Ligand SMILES: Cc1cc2nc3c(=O)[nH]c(=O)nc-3n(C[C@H](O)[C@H](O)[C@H](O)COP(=O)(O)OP(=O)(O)OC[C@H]3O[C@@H](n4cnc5c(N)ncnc54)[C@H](O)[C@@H]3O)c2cc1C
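Only one chain is shown below, in structure tokens, and it's the form predicted on its own.
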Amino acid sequence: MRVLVVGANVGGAVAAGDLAATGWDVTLIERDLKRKKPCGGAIPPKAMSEFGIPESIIERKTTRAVVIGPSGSQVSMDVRGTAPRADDYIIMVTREVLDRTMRAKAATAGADVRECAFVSHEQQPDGTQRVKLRHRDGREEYENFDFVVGADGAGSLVAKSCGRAPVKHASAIQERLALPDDAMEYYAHTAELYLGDDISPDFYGWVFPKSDHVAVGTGCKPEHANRSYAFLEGVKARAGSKLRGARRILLEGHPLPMQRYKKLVYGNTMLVGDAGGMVAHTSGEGIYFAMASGRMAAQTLVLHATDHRSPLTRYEKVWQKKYGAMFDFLEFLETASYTSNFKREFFVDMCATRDVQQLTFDSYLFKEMAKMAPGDHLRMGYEAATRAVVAWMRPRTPLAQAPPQITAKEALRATRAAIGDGVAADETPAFAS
């Protein structure tokens, strides 16, 4: 069987490597193999063993998460689940290193890795896929494949070629900031999450540590994208002196899919990762789910090839059964926690309870809905009601207000002015393009 995997980042690389390891003829393509995909770069330890990721690529092991509310209220949480383990930490990586590592694994397994772009495809009467490819020199050619796996991100051209409407997406913007050694000491094992209208009306801002820098970013829905750079400035203003002596390495932006699709199979074409909307609401996490979906798609293809009675749509059912409830809960939690400063303050208050901390880290570290005894539910419900009443009676004043709306041209002008210190023009954030 011959399969084309479009998108050579983590989801596509896992699918390609798994299929190549079973003897399939696999072509893995990426438009630009040198591109640095913008990403916060947080993954659970579970991903390392499950997908054979070498520990040598780990930038930091984060053991503390600090959540900071609109008023400056904050909660510091140790990263650990219900039962303490040796790997109770969040792994920080840079995407270019992780992607390069996973592509190399796929190539070692036998995948043919190429630098070219997917243009379109159509299914032939015999069931094969006629694919139009474009090379970097502009040359175009057609090739036939038995199957196509689309792992080409939120703006998936594979999905578009299948006739799917564009996915709703959020705009994320991030800076990589080099800090002096004394400033990096605070972030050695600490990640920060910031909440507030000055940070994002929709999600949160972050400061994630790497080996020699921190990644500072925020995200918002399309209707607020013109204020993305102002929101980023809001994160840096809140972090304040902790970012003393910062020097910008890179300014980057990208779209995040915020619409999950239950339909992931179109004939002999399958969608994985961001192309299928597999980004967790509330956290914006997509790396693990991209790899997991890539593996599920590969397993489904192998099973279908050996037994045609097993349809490709089995992939959709397996995904929904394993992760559907988790994604439904996280979508609800996003609406319940992020859509007003009052809700954000309440969310920070609830993060101070051990029940919420265990529920959060059990789900994040092990990628399963954490189970709670009835007594635990009652206790957490009582805590929530008590803290909600206190928050209502004693509202807190936000430290800053939301930045004013500006035009797309003003946003682009501000962004280009900010990256005048050596960042290439083609690395202008996607929201401002």
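Since the structure is predicted, the reported quantities are computational estimates derived from the model, not experimental observations. Just count from 1 along the sequence shown to find any residue number.
This protein has a second form, the form predicted together with the ligand, left out of what is shown; the following refers to that one.
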Response to the item:
Only one of 71-79, 192-200, 221-229, 286-294 sits within 4.5 Å of the ligand in the predicted complex by heavy atom distance, namely 286-294
Discussion item. Check for me: heavy atom within 4.5 Å of the ligand in the predicted complex, for each of Gly17, Phe51 and Cys162, yes or no.
Written reply: no
Practice prompt. Could you tell me which one of Leu264, Val235, Ala298, Val279 places a heavy atom within 4.5 Å of the ligand in the predicted complex?
Written response: Val279
Worksheet entry | 4.5 angstroms heavy atom contact with the ligand in the predicted complex for Pro209 | no
Worksheet item: Is there any non-hydrogen atom of Leu157 lying within 4.5 Å of the ligand in the predicted complex?
Response: yes
Discussion item. I'd like to know whether Gly205 contacts the ligand in the predicted complex, with contact meaning heavy atoms within 4.5 angstroms.
Written reply: no
Practice prompt. Check whether Arg31 has any heavy atom within 4.5 Å of a heavy atom of the ligand in the predicted complex, and answer yes or no.
Written response: yes
Discussion item. Within 4.5 Å of the ligand in the predicted complex, counting any non-hydrogen atom, which residues from 18-52 show up?
Written reply: Ile29, Glu30, Arg31, Arg35, Lys37, Pro38, Cys39, Gly40, Gly41, Ala42
